[in-house]
Structure formats: C-alpha cells, structure tokens
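Only one chain is included here, represented as structure tokens and corresponding to the form predicted alone.
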C-alpha cells in the first residue's frame, strides 16, 4: 500500500496523556547522591498519546482523546502537552479538560543500557472525565487504539468504534483489574507481560493468554521486551520474532508497537503481518534516545524490514 493510501487512514487513540521529563544518566540515581544527567528532554508521554505520535510518524492521520488537567492557561502541563502534540500533527480537540486538576506528569531516567526508571503523578480526578460524543469521535476513524488507564473513558470510545465494526486495539499495559471489562468490548488486545501476569494471575505468559481467551473472543497477544511476541491463533500459541538491536532507550517502544499494529489493521493487514511491522517499528524506536521522539517513519520501517527479508 502506498504512502498516499496510508495518509488517508485515521487512527483515533484514546486514553492517557502525560508530559514526560526525560533525563539521560549513566546509572539510576542512588539515595543521598546527586546524579548528573547528560541529556534532558520534555516530550509527550502516555500510552495512547505516544501511540498517536507513532502513527503520525508512520504517515497516517492520528487523533488523541483523553482527560487533561485544566483549565487552559492555568494547567501549564496540559498546555505544554497540547503544544507538543500539535508539532506532531495530532488532533487533540476532543480532549476534555478537568478544572482544578493537573495533567499527568512523569520524571524518567534512562540509563546506559536503555532501561528506564519512572516516577509518575496522575490525579484521580481525571478519571471522572468522559468523551463528549464518542460516536462523533469515531465517525471517520479507520481504527481505534485505547489504553486501560482511564477504563470508563476508553469504554465509551471502544463501544462506539465496535458499533462501526472497525478494529479496536486495547493496550492492556497497566496491571489493573478494574479495566478487565474492556477485554470483552475490543477486537484486539495486546498485553504487556506485566499487564498479562496481573490479569491472569500467573507468571506463565503462554498459559495466561489461553486463560484470558476464555473471557473474551478478542485476538490476544503479549509483548515481553526483548523477547518474542506471543499470540493465540485458533487456540494455539504462536510467536512473532523480536528484532535484535542495540538498545539506547526503551521508553515508548511498547506504545510504538501498539500504534503501528493498529495502523496496520486499519490498512487491512492480517494480525501476523501487522505485528511484524509493529515489532520492527518498536525495535527502531529502541535504538534512539528521547522517548517517543525516537518513533520511526514509514520509510525507515520498510527499509529495516527489507534488510531482514
């Protein structure tokens, strides 16, 4: 499919938005010791918001809907998030702003191995927000990607999208049981390893996928960092190989995977092909420092895959 065709696809991402303050350090900070960072960036964060950036970088149309603090002009974190999203060409016009609550924010350290340590603040008042008109939000969407941080907000969007019979991908990343109802609403679920273990109550990822399949007819898969992606095909466990790369920064890799996967489904790819493209996009992101700013372009992903065919 040509890049012109891809550009006509629209993926709506629903869930959490975070302003990430990212520090690059040799080693994670220790108590009572000052740690000097070699680089610092302020970037957009949050599962669904990051996925929107990844989708936009891949050449498609991306929009984001999720609760922000407010009001505009008083919540500086939310204002900064919107400014950064606008630079990426992401439509955030459907984001409700919750007066008196701050937008979520994180302080993140990336060490010399590319691993991350995150301190996050999320105000509970944001969870009360709801989309103004979920049906209108998804009216021209070709797919929806939602995270489980604000499950009631996401549920309204997912139901409206399912009514239109478009792909609805759930990023079941956060270990939380109050979002389990989303499993029955969406068409595709891609867990993080941590999220799947918490949902199934087991450390065995393959067995956990099979157990969760008894609760939902959705397509199920799980990502596990450097390890292969596991997924269920007619009740049988399958694998999509992860790509070996020199890791610089893992921040935003899972979100890149989810965004790319949703976009590939919007383009009509089958799940296995969609996961291979998503794994390539996530691998490329890991080779670059800067969180979601390392998300690759469509041409970069295609070249990466062509070199490995």
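Residue numbers count along the first chain shown, from 1. Since we're looking at a predicted model, the values are computed, not measured.
Missing here is the form predicted in complex with another copy of the chain; even so, the following discussion is about that form.
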Is another copy of the chain in the predicted complex close enough to 33, 116 and 120 that every residue in that trio has a heavy atom within 4.5 angstroms of it?
yes
Assert contact_stretch over 162 to 170, 101 to 109, 232 to 240, 134 to 142 against another copy of the chain in the predicted complex, heavy atom within 4.5 Å, equals 101 to 109
Interface check vs another copy of the chain in the predicted complex: of 211, 91, 194, 152, the one with a heavy atom inside 4.5 Å is 194
Using a 4.5 Å heavy atom cut-off, state whether residue 297 contacts another copy of the chain in the predicted complex.
no
Quick one: is residue 287 in contact with another copy of the chain in the predicted complex, heavy atoms, 4.5 Å cut-off? no
Is residue 29 near another copy of the chain? Define near as a heavy atom within 4.5 Å, in the predicted complex.
yes
Residue-level contact is defined here as any heavy atom of the residue lying within 4.5 Å of another copy of the chain in the predicted complex; does residue 37 satisfy this criterion? yes
